[in-house]
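One protein chain, two forms: both are listed below as structure tokens, the first as structure 1 and the second as structure 2.
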Structure 1
Amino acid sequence: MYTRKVKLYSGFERFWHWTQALLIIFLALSGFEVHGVYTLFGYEKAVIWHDYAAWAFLVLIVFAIFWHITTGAWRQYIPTTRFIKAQLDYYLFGIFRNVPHPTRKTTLSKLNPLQRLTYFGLKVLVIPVQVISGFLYLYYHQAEQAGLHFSSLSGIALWHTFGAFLLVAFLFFHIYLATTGTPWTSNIKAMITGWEDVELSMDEVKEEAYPNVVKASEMGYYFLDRDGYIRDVNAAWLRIYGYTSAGEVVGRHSSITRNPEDAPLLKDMLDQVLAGEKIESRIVERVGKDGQQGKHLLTAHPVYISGEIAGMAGFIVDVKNKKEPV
């Protein structure tokens, strides 16, 4: 309903994601050539480049681990069972009925429960299996010379093949699921630009709207301190009083807004409010800029700061003398 552009993925995160994506795709292409499935780069190049890519991947992993730890982003991947059924239901049924996503993306929780579980599995099981089996595969002779004994390369190779199949299957699911955002490109765009339109909760909407309620209101707003000095007014207040800028009135005593004979009334009202009372509505006569006279309806309430009444604030609405045509 209400959305806001949010920086969801930092620069490093995007660099990591896309570098990892390219490396995994390249490792899969070259790896399955080494596995004897097809001819693409030529066997020798496939082997050599697969090895280089493996090292690049390892370096990337080291940086990614550092980043996850230092930024606390690792917490994103702690698996949770909350909403996991809802997420599954969504993918299996809800998505076809245009039901909204059951979980919301926020900067604090970018991943839905299924993603958390899958990525956790990848990071804790599949990728370590791939890296360890891969480097044992690559440095098989050296490992043997260092005293590790394998009856054959086959165990290592089979684990590595197993991991490769899981990663490729993941890749296809991942690419497809990336299109399940609304619109379908939103997730992909976000991973490229870092920004995404994230849906706001009503609390977030309110939080954002409230400060503007006073500023943008057509009711005049005022705030007097305990001694009756004007501390804050809004644009509507200035318009009603005929002033052009807050600087003309802020810091001056509120008595300038009344005829001298009405000043005690204002003082009484202030005292009342400072005593804790509220004024629901009252029509008063005002003195605006250059002595202009007028009437307005006002409200008043005490302003509490740190539990103490620090002044009086309220809203005013101009009351026209001549009747408006109905």
Structure 2
Amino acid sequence: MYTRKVKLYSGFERFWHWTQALLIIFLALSGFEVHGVYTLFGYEKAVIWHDYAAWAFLVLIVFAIFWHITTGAWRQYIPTTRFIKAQLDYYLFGIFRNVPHPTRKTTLSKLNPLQRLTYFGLKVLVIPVQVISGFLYLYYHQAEQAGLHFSSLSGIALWHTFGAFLLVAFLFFHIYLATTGTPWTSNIKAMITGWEDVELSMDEVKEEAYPNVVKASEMGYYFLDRDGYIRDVNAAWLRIYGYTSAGEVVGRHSSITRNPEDAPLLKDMLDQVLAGEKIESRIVERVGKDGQQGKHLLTAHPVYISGEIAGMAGFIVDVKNKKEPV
């Protein structure tokens, strides 16, 4: 498995996550004491502090909604059924057999399908019900005086307690899943520092390795745009042509590397590649920086960007005046 360290969580995300976690824990502790489950703070203090924490939670929600809307982070929670069965199988069975994770985290997709569904339910159902029922219970009499009539105070309390049990269940499940990384502290550390080792696909590994291979290659690499202008070369290409820096050629037309009478051949070759064809090997004559002529073996392939051919790229190898094979 190949990984890259990525800044996955912003400062506000981390502040929001930990503050929300602490407030939910404190609301649960004080709330269940109000219900008489145990004695921790004392009934009166539990009621007062529960109310204060509820207001703090509401303020945090307002800021979080603003941040999600302005940054576009709300898209992270759009539910999807894609890979949801594979994700469920992973949590139930695969995680105990060390099988690969069915989905990968990216900066644009931090949540797997099951997390998306769970968090979506929390944000649009559980937490709104909790907040609304809590403040209705707190200001029940004021609401009645304002003309809002409800069946009973106990019914509101029942909904609020049910929501509390769901949040506590989610909290325990969330803590468990947070320890399933490798090592077990990796997910927790990522939410503290913001940085996480994200698994790379094989295509991404190739993209990482390719520039280094080209840079160090003894073969001359080049990239021409659709109009035949030089856009990139490596050190070996510069050495073959007698140049000392890429700035001497990048941005100039590739015709500077050919004799004037060979310009039509160069254009034909570019047109051939732009039509989608490949040139696996062809010996061509070149003109170096100081007018020195030579021959090299050339390959050329179309370069696709967003599905469109953007130019041609390939390698050259000096043939040292070897005869072209028949």
Partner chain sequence: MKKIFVITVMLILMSGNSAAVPGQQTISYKGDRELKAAHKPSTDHSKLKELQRTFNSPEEVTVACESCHTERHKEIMATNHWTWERPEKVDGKLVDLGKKNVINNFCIALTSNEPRCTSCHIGYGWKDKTFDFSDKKKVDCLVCHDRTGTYKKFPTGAGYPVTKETLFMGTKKSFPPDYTKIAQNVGIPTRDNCGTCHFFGGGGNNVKHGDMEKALSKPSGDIDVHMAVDGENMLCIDCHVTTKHNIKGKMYSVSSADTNHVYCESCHAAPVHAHTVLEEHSQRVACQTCHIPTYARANPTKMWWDWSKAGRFDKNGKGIIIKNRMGEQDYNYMKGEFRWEKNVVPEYKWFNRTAGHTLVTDSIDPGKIVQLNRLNGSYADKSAKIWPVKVMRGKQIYDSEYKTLIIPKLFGKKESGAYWKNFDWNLAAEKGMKEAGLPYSGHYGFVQTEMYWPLNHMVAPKNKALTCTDCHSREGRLANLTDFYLPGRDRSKTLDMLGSILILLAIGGSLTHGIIRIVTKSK
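Residue positions are counted from 1 along structure 1's sequence. By rigid core we mean the largest C-alpha set that fits within 1.5 Å across both forms. Just so it is clear, the model here is predicted, and its values are computed rather than measured.
Can you spot the form predicted on its own among structures 1 and 2? Only structure 2 matches the form predicted on its own.
So that I can tell if E44 moves, could you say whether its C-alpha shifts by at least 2 Å between the two structures after the core superposition? Shift at E44: below 2 Å after core fit.
Aligning on the core only, does the CA of F315 end up 2 angstroms or more away between the two structures? Comparing forms between the two structures, the F315 CA shifts at least 2 Å.
Would you say M269 moves its Cα by 2 Å or more between the two structures, aligning on the core? Passes the 2 Å threshold, so yes.
Could the core-superposed CA displacement of K215 between the two structures be given in angstrom, to one decimal? Its alpha carbon moves by 3.3 Å.
Once both forms are fitted on the core, what is the Cα shift for V287 between the two structures in Å? A shift of 14.6 Å.
So, with the core fitted, how far does N234 move at its Cα between the two structures, in angstrom? After core superposition, the C-alpha of N234 moves 5.8 Å between the two structures.
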